[in-house]
Every structure is written in C-alpha cells, then in structure tokens.
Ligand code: RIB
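Presented as structure tokens, the chain that follows is alone, the form predicted on its own.
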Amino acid sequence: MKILNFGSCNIDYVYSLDHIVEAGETEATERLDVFPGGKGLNQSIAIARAGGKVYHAGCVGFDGNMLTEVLEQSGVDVSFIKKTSEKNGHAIIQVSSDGENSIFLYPGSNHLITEDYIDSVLENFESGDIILLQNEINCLDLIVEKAYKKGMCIVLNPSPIDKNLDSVDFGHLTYIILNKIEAKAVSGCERLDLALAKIEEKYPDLKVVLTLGQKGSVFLDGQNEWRQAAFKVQAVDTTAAGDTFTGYFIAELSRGAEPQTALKTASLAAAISVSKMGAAPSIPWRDEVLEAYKTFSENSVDERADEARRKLDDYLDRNLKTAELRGLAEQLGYSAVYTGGYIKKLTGRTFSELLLDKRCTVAAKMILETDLSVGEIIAAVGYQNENFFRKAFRQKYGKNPLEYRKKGVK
C-alpha cells in the first residue's frame, strides 16, 4: 500500500514587530525568520517520521529548494514534485511583542496544478493506495474525482475552510480528519453533536476523525465510535499539532492498525509536538513516540464533567432568551447554589458570564445575517436593558452593534 500526499509546500516569512501594522502605518521589523511550512509539507514529514513510505506531489517555485530539501531529510519521496518558474506559495506573518499575529497567504506555486500533472502522478498509484489531501492547493475537486475512479482510499483534511470545498464530492471520500470548527463549517450545525450526526446522515460511508485538542479525539464509522483521551503535556507551541496527528494517523492506517491504535499513537505524537517550538522541527520521529508510551499519561476522562458540559451547551442553545441558573440546575439535578459553583469550577466562568457570552455570539450572527434592528435582536436574545447589552457587545467585539454590522469582524 502506497501513500501519496498531494499537498502544499509553503515558505513562512515571520516578522517580529512591536505591534501589528495598521492601515497607512509603516513600522520597522525587529527580526525576520524564514521557515518551511504548508499543511501538505508538514503532514508528509509526519507520515515519514512515523515510519510510513510517503510520496509528496505538488508544485514548488523557483525559490522552493529549501522545501524539497526538508522533505527529503525526513525521508519523503519527492520524485513527483513539479518545479515551476513561478514564485513559491508563502505566508507573511506579523507577530507582535505581546504574541498577537496577523497572517496573509499567497498561493503562488501551490495553485499551478493542472489536469495533465494530476494524471501523470496518479498513473503511478492503484486501487487501495492512500491519497491524502488538504485545501491549500487548486484542482482539489478534480484530484478527488480521479482518485475515486481509481479506487484509492481518499483522506481529506478540509483546512482551511473556504468556498473551494463546495465543489468537492464528500461522498467520494473514505476518511475526513477535522477539528470541531471545521466540523461545524462542513455540517452547517453549531452544536458539535448535531454536526457529527449531520455528517453521518449525509455521508453514511464516510469515516470521521474528529480532533478536540485537550479533550482528545473521536473516530466514527457509522457503526462504531471510539474515543481517545488527550495526553498530559506542557504545551509551548501548538502550530503543528493537527498536522502531526493527521500524518501519524495515516501512517498507522497504512500498516494495518485498528482505529483505536491509530488514534492513540497519533494523539501521543501530537502531544509531543506541542511540547516543542516550531512546526516541522517539532514533529517527532516514531522511536520517540514509542519511547514516550512509557512516560506519558492520558488525561482522565471525567464522564460526569463531559455530560455536564453537554447539558450546559444544550440548555443555553434551547433556552437562550429565558435561561437562568435555576433552570440549568433542574436539568443537571442539583441545587442552584451547587450548580453555580460546579459550573464555575468546570468552565472557569460564572453562569452569568457564559450566558452573556453566548447571547453576544448569537446576536453577532443575527446582526450579520438578518435585517432585524439592533433593538429587535437584543430582545430576541433575552435582554431588555439595551445599554447593558451594548456595553457587553463592545467589550467582546471591540465595536458597537451598528459598527459591527457595517464592518463585520476585522
């Protein structure tokens, strides 16, 4: 079984600044760092370091030699990479002294893929081989269509989420690996449980791998559901966690591992990656992961706490306008006093703070997607004191409701 990763290779230009540059402003940078990047490159490195034999396909520019070198150093086969005379895809990243960042992407060579090139690559693979894809290249829908006709096992990490995914036939996928934000975007459902149910309903043969950060990961195949707790680790940089997880999961599948085993190994590899700085440099080798099994411990899964969180989310969704602590307490079966303390311990915020945040979030969505007046929206989410709500809204979004409607999210 071969693994083909048809994906992006980026150059990340990271500028260290005192603050993020605003429109019309000029600021001298304190430092420039250049790193290899791109979800495709990171995931190929993860597969190779996990012991998988992976071929990387994609286009690099005249300035992309460092990218093929990094891939080769990790054991990735780069014989299918197409070199172009165009500039390589890259990211311009501003990082302020307080850790904030601003990023814009130039697709460059990553969007120079043609049908002829796709055919020339896929003719080297056959039914049952794995093809891994992300949404940082062009012709994604065409690659899926052609790989499906060949009978390949198609794995998609739908990141970044954008309109290009609309043309992809998800019914042709074998696996989809996504986080909770992507799950909600793909399904159109805000509640995670409904999002998963919607995906399963629409694509009954699709195997879903959901990553939940500190809450672990979930595998669903229409009949079975397996959950993997996260591993305890002191995180310093989460940049490559998702790509590390994806790469290791694919590598485990290629060697015939059961989903539970693949989830566990991928989760541990991702935990190791977040304990180190950088993207590609933080991806561990398989020997390091196997050794870590002896020392890393899984976070205990508090089923009572998980159930309380689900009931809290469900209660706020269903009773947004009339929600009160006493009503939640009835749902949980506790006294109001105990429920208030328990929710604070569970989430780090009071019930009132959670309710206000939820109402602001729903109001913001209504402001952008409906023609209702601000007053009508405030009433719809449960407030009669408009001044109080307007103040809370500005604290959360940095704009009053009318400014938010005109400018959206900056």
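We number the residues from 1 along the sequence you see. What you are looking at is a predicted structure, and each value in this text was computed from that prediction instead of being measured.
Omitted from view is the form predicted together with this ligand, to which the following refers.
Undergrad: Counting only non-hydrogen atoms, which stretch in 217-225, 140-148, 288-296, 232-240 is within 4.5 Å of this ligand in the predicted complex?
TA: Among the listed stretches, the partner-contacting one is 232-240.
Undergrad: Here the chain is shown alone; which of Leu194, Ala257, Ile118, Ile93 has a heavy atom within 4.5 Å of this ligand in the predicted complex?
TA: Going through each option in turn, the one that passes is Ile93.
Undergrad: Is Lys39 close enough to this ligand in the predicted complex to count, meaning some heavy atom within 4.5 Å?
TA: Lys39: yes, in contact with this ligand in the predicted complex.
Undergrad: Whether Ile103 contacts this ligand in the predicted complex should be assessed with a 4.5 Å heavy atom distance threshold; does it?
TA: Contact check for Ile103: yes, within 4.5 Å of this ligand in the predicted complex.
Undergrad: Look up in the predicted complex whether Ile199 has a non-hydrogen atom within 4.5 angstroms of this ligand, and give yes or no.
TA: Residue-level check for Ile199: no, no contact with this ligand.
Undergrad: With a cut-off of 4.5 Å between heavy atoms, is Ala279 one of the residues that contacts this ligand in the predicted complex?
TA: Yes, contact at 4.5 Å.
Undergrad: Judged by heavy atom distances of 4.5 Å or less, which residues of 45-67 approach this ligand in the predicted complex?
TA: Going through 45-67 in order - heavy atoms within 4.5 Å of this ligand in the predicted complex - there are no hits.
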